[in-house]
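One chain follows as structure tokens, the form predicted on its own.
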Amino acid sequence: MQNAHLRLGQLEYLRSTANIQTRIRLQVDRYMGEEADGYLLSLYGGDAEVGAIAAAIHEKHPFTLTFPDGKSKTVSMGADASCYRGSVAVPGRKQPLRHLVAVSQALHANGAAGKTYLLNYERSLAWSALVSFLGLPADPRWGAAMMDVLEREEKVQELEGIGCQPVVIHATRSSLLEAVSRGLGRRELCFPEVNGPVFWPSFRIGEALNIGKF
């Protein structure tokens, strides 16, 4: 976590009315997006500034987002984005910081429309997410072979991120069932040797966020 501030982004929001122009800048610790579409935004700051950004997101206003490497672009969370607010107590500070997490409609429907978004790419976690989101009848031991297929067909694509290395996996339930069927036919995948429950690996939230790597 050393020099974590160097891995933060910055969000700038400029709101103009007839007589007043307001400029707000806040630190961004997590972001996932593609082109001008933001899917996940996590930021913190004072109560008034965070409240103004939440209102702007609901009004579908665009922002200027600056990445840690200095690159800037205009992004929007789109229609029907959800905002979740909390407080973070900081030692030595009288008032807690306000924390805002905004989630786009596309991320709320994660797995639908043939797109599964992940904050970080780790193959066993990715296979578990696909099986869970798409309701696949599958085995955790099929993960390596199935992710080989998806990577070979370039279905796993990187997205832009701050504080994470997000990807989107382009796959529908029917396409994955067909891939499983082909794998079973070629004996690249095998059914369990005995009947009974299938035990999947468990993941902590820190593993999904890859907290230790950022």
Partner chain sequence: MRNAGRLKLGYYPLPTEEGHWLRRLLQSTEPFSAIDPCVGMGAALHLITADLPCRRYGVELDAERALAASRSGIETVQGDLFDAHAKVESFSLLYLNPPYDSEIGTLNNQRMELLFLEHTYRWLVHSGVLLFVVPEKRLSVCIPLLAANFTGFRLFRLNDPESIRFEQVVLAAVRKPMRGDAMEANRSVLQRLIFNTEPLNLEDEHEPYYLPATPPAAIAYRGLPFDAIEDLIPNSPAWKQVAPFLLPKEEMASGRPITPLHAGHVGLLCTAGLLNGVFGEGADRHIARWRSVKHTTISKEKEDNVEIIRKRERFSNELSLVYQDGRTLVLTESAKTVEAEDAECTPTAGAA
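This one's a predicted model, so the numbers in the text were calculated from it and none came from an experiment. Positions refer to the first chain, counted from 1.
Beyond what is shown, the protein has a form predicted in complex with its partner chain; the following relates to that form.
> Are all three of 125, 181 and 184 close to its partner chain in the model of the complex, meaning a heavy atom of each within 4.5 Å?
So, yes: the whole triplet contacts its partner chain.
> Is it the case that residue 69, even though its partner is missing from this view, gets within 4.5 Å of its partner chain in the model of the complex, heavy atoms only?
Yes - in the model of the complex, heavy atoms of residue 69 and its partner chain come within 4.5 Å of each other.
> Would you please decide whether residue 133 lies within 4.5 angstroms of its partner chain in the model of the complex, comparing each non-hydrogen atom pair?
Looking in the model of the complex, residue contacts with its partner chain include residue 133, since a heavy atom lies within 4.5 Å.
> Mark residue 165 yes when one of its heavy atoms lies within 4.5 Å of a heavy atom of its partner chain in the model of the complex, and no otherwise.
Taking the distances in the model of the complex, the answer for residue 165 is no, it never comes within 4.5 Å of its partner chain.
> Verify the contact flag for residue 110: yes if a non-hydrogen atom of it lies within 4.5 Å of a non-hydrogen atom of its partner chain in the model of the complex, no if not.
Looking in the model of the complex, residue contacts with its partner chain include residue 110, since a heavy atom lies within 4.5 Å.
> Residue by residue through 157-181, which ones have a non-hydrogen atom no more than 4.5 angstroms from its partner chain in the model of the complex?
Counting only heavy atoms within 4.5 Å of its partner chain in the model of the complex, the contacting residues of 157-181 are 172, 173, 174, 177, 180, 181.
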